[in-house]
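In the form predicted on its own, a lone chain appears below as structure tokens.
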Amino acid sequence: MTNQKTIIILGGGTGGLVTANELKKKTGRKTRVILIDKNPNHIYAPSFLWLMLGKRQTEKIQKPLSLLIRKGIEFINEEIIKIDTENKLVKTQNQSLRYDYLIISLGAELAPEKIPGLTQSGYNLYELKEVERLRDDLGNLSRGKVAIVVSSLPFKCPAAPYEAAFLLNEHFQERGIGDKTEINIYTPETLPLPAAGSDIGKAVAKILAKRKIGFNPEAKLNSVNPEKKELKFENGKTDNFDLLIFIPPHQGPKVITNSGLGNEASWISVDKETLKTKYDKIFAIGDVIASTIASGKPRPKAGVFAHYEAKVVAENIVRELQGLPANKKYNGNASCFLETGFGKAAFAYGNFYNTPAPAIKMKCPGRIWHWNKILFEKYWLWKWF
């Protein structure tokens, strides 16, 4: 078709998957939709916490991105090397592809190497292979101190370290070693989930205290000594551990740096309502963007934002192709489950772009929210494939 437009989507995570599906469903043969990712599979990261405890199998929490061909979406399993905005080209290690529209949904890159000793000392909670290794090694722990460390800000999935602590607390109690183990969280944050407001943070901190999980705020990790199993923080304080679970430093994707599209940290600036970048026909969504809440603090990096932003971008591209006003806007609404263990979860929801502060509420932990989280996992891996 001579008028067929080519839409390239970079990244097969939450945002890329939703954008590709929405665009192809609404445009059919009028567009060529191409998704590019260096990974062959879409991995449902929220299930890592259940995988950690042996409650999920690796193959059950991922789907091959090649399945998208059934929906008319092309998938290219190659690494993206450069984005040429002047000539509207995406370059991979094997080819160059021209686009009419480009959606960047590459997420955040993990950089544990930025903190000396970190990789050699523990388990990366955000890497599939590392979570598998943690699962296999947890059975060897019969006593001791478990440290869950948020190494720097910002980081994706703000609830994950707290969920890990709650679920491990349950796990140790079920094994009868609850009184022989100690769990501590260390984070640069002042309260849990600070972007959601102090009320939410205090509520989560209260649950931590009730479960006797140590919460150490304003603790920015400087280095780890693998031999001594010692954490060293920027304020000079140190602490020891027997098992370390860490959230590594995050950075913008290297291809964004190489292509000159990002700020000094390689995050991409966008209009937070339309997700437009300063470049013609280029949008960016999800963790890769630099977006702030009313206070000026970074907006949390979480899949729920990528999900809603993807729908806005897809709708506006469809409207533009139809000659209609591209006036769909993302309003900042988001929601999140927070696993608290023992078959219960809390549910936080509200508007992160509300002024003068985010308007977020949280439902108390209950079995209904835990089952809703399980159902959403099943729905997600069915819906988009």
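So that there is no doubt, residue numbering starts at 1 and follows the sequence shown. Predicted model, so just to flag it, every value in this text is computed and none were measured.
Just so it is clear, the following notes concern the form predicted in complex with a small molecule, a form of the same protein that is not shown.
**Student:** The small molecule is absent from this chain, but in the predicted bound form, do G11, T14 and F48 each have a non-hydrogen atom within 4.5 Å of it?
**Tutor:** Affirmative, all three are within 4.5 Å.
**Student:** Given that the small molecule is left out here, which of L243, A219, V255, I282 has a heavy atom within 4.5 Å of it in the predicted bound form?
**Tutor:** Flagged contact: V255.
**Student:** Please pick, from K232, K301, K229, H171, the one residue with any non-hydrogen atom lying within 4.5 angstroms of the small molecule in the predicted bound form.
**Tutor:** Exactly one residue meets the criterion: K301.
**Student:** Could you tell me if R319 has a non-hydrogen atom within 4.5 Å of the small molecule in the predicted bound form?
**Tutor:** Residue-level check for R319: no, no contact with the small molecule.
**Student:** With a cut-off of 4.5 Å between heavy atoms, is E78 one of the residues that contacts the small molecule in the predicted bound form?
**Tutor:** E78 belongs to the contact set for the small molecule.
**Student:** Is the gap between A160 and the small molecule in the predicted bound form 4.5 Å or less for some heavy atom pair?
**Tutor:** A160: contacts the small molecule in the predicted bound form.
**Student:** Using a 4.5 angstroms cut-off on non-hydrogen atoms, would L106 count as touching the small molecule in the predicted bound form?
**Tutor:** Answer yes; at least one heavy atom of L106 falls within 4.5 Å of the small molecule in the predicted bound form.
**Student:** Based on heavy atom distances of 4.5 Å or less, which listed stretch (171-179, 285-293, 192-200, 114-122) is in contact with the small molecule in the predicted bound form?
**Tutor:** Of the options given, it is 285-293.
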